[in-house]
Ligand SMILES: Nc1ncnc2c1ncn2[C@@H]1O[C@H](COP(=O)(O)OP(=O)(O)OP(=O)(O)O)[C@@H](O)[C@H]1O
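Here you get one chain, nothing else, as structure tokens; it is the form predicted alone.
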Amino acid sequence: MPATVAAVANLKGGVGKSTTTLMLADGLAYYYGADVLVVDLDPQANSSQMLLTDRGLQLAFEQGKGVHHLLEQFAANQPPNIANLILPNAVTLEELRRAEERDERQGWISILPSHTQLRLTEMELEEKIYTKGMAPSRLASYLADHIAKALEPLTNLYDVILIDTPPYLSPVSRAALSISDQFITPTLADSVSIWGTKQFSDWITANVTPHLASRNFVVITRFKNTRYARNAEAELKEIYLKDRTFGPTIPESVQALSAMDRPDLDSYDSIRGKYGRLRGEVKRLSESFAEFLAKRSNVPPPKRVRE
């Protein structure tokens, strides 16, 4: 089957988009043997930095890798060519690396990295296009065609393509949302995040797909087990997003932050060493998302390759 394209998106910043992206990528690759491509469209480049480290991110930039080159191709009216822009090895888990060395690959992670240059490239493109009188929505539509054509040759090489989107509706972000099959919405259990998530949900429903509810996988992140948070969680599940699929609630944990801090580009860790007590949450998150995808495709859930 061709790869599922899933946008990890929310207009509210600070809700754990990049952390959710990486936990899903690691969980799907480790537990289900999935080949995962992370497409980082956020100029903050958090997913890229977490997988590649600062040094690796700079090396990728110097080697001509990254999504901003995809925009440069669009600006130059060139056909999309994404193969040379991807870093094929963004694996941080020791188990995946060792299996690859034995020529027994079971799960892998690659990345189309971001860089702070992305926002500058995007702004230059917007200025060039808007001076010609083109509307932002038209630019988003053209970019969607460009990105879709770029990803098309890859859909038979990967099982899941996770797109980490920025917390705003730029033409690039809108393009990514419009080409996505599923929508992963991380959110916090507080009133501000609930409001932002509701507004984002309404926008997607009105402008991208009226069928968002069946395509929406919601993850409550950084959960503090207080009465206030429990009430907010209940409001999300029973009122505001009652027709959505919810993944496991991810507790607030220092371990989550340290798990995403890769010491060096050549360093690897076991899934137990990387996630510690959060390993169970990673397993449950990937399991519930795999079941969500299976239900959407009317196929049996995939079997785990590791426990």
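Residue indices: 1-based, along the sequence shown. None of these values were measured; they are calculated from a predicted model.
Keep in mind that the form predicted in complex with the named molecule is not shown, yet the notes after this line are about it.
Proximity of Asn46, Met50 and Pro251 to the named molecule in the predicted bound form is complete: all three residues have a non-hydrogen atom within 4.5 angstroms.
In the predicted bound form, the named molecule sits within 4.5 Å of a heavy atom belonging to Pro167.
Contact between Lys283 and the named molecule in the predicted bound form is not found at the 4.5 Å heavy atom cutoff.
At the 4.5 Å threshold, heavy atoms of Leu241 stay clear of the named molecule in the predicted bound form, well away from it. Contact annotation for Asp42: at least one heavy atom lies within 4.5 Å of the named molecule in the predicted bound form.
Here is the short version: of Arg174, Arg119, His146, Arg222, the single residue with a heavy atom within 4.5 Å of the named molecule in the predicted bound form is Arg222. Of all the residues from 11 to 33, those having a non-hydrogen atom no more than 4.5 Å from the named molecule in the predicted bound form are Lys12, Gly13, Gly14, Val15, Gly16, Lys17, Ser18, Thr19.
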